[in-house]
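Just the one chain here, the form predicted alone, laid out as structure tokens.
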Amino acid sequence: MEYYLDIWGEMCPIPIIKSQRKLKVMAIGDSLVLETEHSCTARGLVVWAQKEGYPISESEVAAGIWRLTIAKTHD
């Protein structure tokens, strides 16, 4: 299943905290999709996810808009 988390206008650590909470209730194999207009927020989420062992993909889908997809691979 794919979940979407609204983090527009938010700066770290809030998007990381929201992601942690959402991942806790998701099943292994699910994906969490986030979009942000802040490059520093996108970078912070990538670093956090990699540190926690979650595969993450990042792409700039429009000028200044980043989409991140985190795969839940473990609890």
Partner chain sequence: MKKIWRTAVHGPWPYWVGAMVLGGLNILVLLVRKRPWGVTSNLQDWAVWLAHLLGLASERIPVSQLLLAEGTYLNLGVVLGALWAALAASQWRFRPLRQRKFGFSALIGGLFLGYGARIAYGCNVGGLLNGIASSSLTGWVFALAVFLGTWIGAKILLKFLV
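Nothing here was measured: the structure is a model prediction, and the numbers come from that model. Residue numbers count along the first chain shown, from 1.
One more form of this protein should be noted, the form predicted together with its partner chain, which is absent from this view; the next part is about it.
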Legend entry - Heavy atom of Leu23 within 4.5 Å of its partner chain in the model of the complex: no
Inset, instruction - Report whether the minimum heavy atom distance between Glu52 and its partner chain in the model of the complex is within 4.5 Å. - result: no
Inset, instruction - Would you check, heavy atoms only and a 4.5 Å threshold, whether Glu37 touches its partner chain in the model of the complex? - result: yes
Inset, instruction - May I ask you to state whether Val33 is within 4.5 Å of its partner chain in the model of the complex, using heavy atom distances? - result: no
Inset, instruction - Scan 1-26 and write down, in order along the chain, each residue with a heavy atom lying within 4.5 Å of its partner chain in the model of the complex. - result: Trp8, Gly9, Glu10, Pro13, Ile14, Ile17, Lys18, Arg21
